[in-house]
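The chain below stands alone and is given in structure tokens; this is the form predicted alone.
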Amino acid sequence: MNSLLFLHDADVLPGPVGALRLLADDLDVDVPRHPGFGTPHDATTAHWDSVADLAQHYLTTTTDTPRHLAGAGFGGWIALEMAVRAPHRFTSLVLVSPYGVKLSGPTEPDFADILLLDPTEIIELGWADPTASHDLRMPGHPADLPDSDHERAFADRAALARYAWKPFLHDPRLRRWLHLITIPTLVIAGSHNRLVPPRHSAALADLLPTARYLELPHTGHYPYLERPDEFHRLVRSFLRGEAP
């Protein structure tokens, strides 16, 4: 199975969290932080203002050797932008409730407004069991954040707003190029995800020529955190070319 590039969502702690630790038993799992989210590139990329900038960054700074690509939420949007630009660079694509593609009308929201919701609301909408939430960092959450992590959480939100505020959480040009993603693709959603409704992920999968859609019951926006064993089993099978 070789190597997996996993692009993280907003508000998720750095590193191979949840099921990513399990996948690392079989794969070389790379989970880079996005420029603006606490990296050596933050100062030189402070003028970047689109997810296309992030996609181009990863395409020009990561290995040319074909490998698996995955992304969750905000990271799923980046993965989609990369896959339409250079599908030959990747052997497969896993998307976990990605933002990035607007499927409803101009006045109908596709996604919850994660930039305006407070941490309690994001957890209530993003977890099937909010009391089990973990591995998230937002301004004011957890309550006992040290000052340095609190500042980091605010800086992460500022970076997210710069990339995703306008147009809100989508690229209006992305949908027209989705047909170029012909690599094996798995779209995963949680049945209780109220940040990105599972119907959006299912409709997105229908627009991807080779995509399969899987919905995990009693799971929210972060299945790799909330159901790590099940997520690991499904993704591992998919990457091996087996039916998940």
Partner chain sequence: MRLYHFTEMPYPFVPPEAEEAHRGLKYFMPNRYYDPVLGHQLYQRYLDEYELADELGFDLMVNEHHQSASTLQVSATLSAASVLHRTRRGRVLVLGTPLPHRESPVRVAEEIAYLDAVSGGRIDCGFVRGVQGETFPSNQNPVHNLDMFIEAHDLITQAWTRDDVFSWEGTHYHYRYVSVWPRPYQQPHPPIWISGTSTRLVEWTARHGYTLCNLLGTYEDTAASFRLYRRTATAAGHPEPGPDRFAYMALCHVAPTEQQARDIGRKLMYYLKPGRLRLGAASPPGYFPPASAVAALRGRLGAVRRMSYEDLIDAGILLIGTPDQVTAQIRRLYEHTGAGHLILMNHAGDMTSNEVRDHLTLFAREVMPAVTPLGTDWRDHDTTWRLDNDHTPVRAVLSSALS
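Residue numbers count along the first chain shown, from 1. Source: prediction; values computed, not measured.
Just so it is clear, the following notes concern the form predicted in complex with the partner chain, a form of the same protein that is not shown.
Asker: So in the predicted complex, does any heavy atom of residue 118 sit within 4.5 Å of the partner chain?
Answerer: Flag for residue 118 set to yes.
Asker: Using heavy atoms and a 4.5 Å limit, would one call residue 108 a contact residue for the partner chain in the predicted complex?
Answerer: No - in the predicted complex, heavy atoms of residue 108 and the partner chain never come within 4.5 Å of each other.
Asker: Does the 4.5 Å heavy atom contact test between residue 172 and the partner chain in the predicted complex come out positive?
Answerer: Result no; residue 172 lies far from the partner chain in the predicted complex.
Asker: Can you work out whether residue 145 and the partner chain are in contact in the predicted complex, taking contact to mean some heavy atom pair no more than 4.5 Å apart?
Answerer: Residue 145: yes, in contact with the partner chain in the predicted complex.
Asker: Tell me which stretch of 155-163, 128-136, 95-103, 82-90 has a heavy atom within 4.5 angstroms of the partner chain in the predicted complex.
Answerer: This holds for exactly one stretch, 155-163.
Asker: Having a change of 3 Å or more in the C-alpha distance between residue 41 and residue 140, I'd like to know whether it is closer or farther in the predicted complex than in the form here.
Answerer: It is closer: in the predicted complex, the C-alpha atoms of residue 41 and residue 140 lie at least 3 Å nearer than they do here.
Asker: Closer or farther: how do the CA atoms of residue 158 and residue 40 lie in the predicted complex, compared with the form shown, if the change is at least 3 Å?
Answerer: Closer: residue 158 and residue 40 approach by 3 Å or more in the predicted complex.
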